[in-house]
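Okay, so here's just one chain, in structure tokens, the form predicted alone.
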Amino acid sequence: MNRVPDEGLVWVPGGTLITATPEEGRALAAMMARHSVHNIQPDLDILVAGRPIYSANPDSLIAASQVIAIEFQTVAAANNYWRG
């Protein structure tokens, strides 16, 4: 199997949800979403084969955006962004 590298299989990149800014938090949320996909499907060949299908499907893109939004809620809660 052509496997995702180990650094792509961590659940929380960098080991912390704390970020300096909301912008960094949003980037972390997107990275966490990607890492979740890699942990669920670590075979790169399967991931790459599916990209042409989901990358052109509006429903798939909206679903991906929803996952990132949920991850960002987690990061924002850890950083108390609503109090700033």
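Computed from a prediction, not measured in an experiment: that's the story for all the values here. For every residue, the number given is its place in the sequence shown, counted from 1.
Heads up, the form predicted together with a further copy of the same chain isn't pictured, but that's what we're talking about next.
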Check D59 for me: does it contact a further copy of the same chain in the predicted complex (non-hydrogen atoms, 4.5 angstroms)?
yes
Examine A78 and determine whether its closest non-hydrogen atom to a further copy of the same chain in the predicted complex is within 4.5 angstroms.
yes
Is V37 part of the interface with a further copy of the same chain in the predicted complex - any heavy atom within 4.5 Å?
yes
Look up in the predicted complex whether A27 has a non-hydrogen atom within 4.5 angstroms of a further copy of the same chain, and give yes or no.
yes
If you look in the predicted complex, which residues in 16 to 32 sit within 4.5 Å of a further copy of the same chain (heavy atoms)?
T16, L17, I18, P22, E23, R26, A27, A30, M32
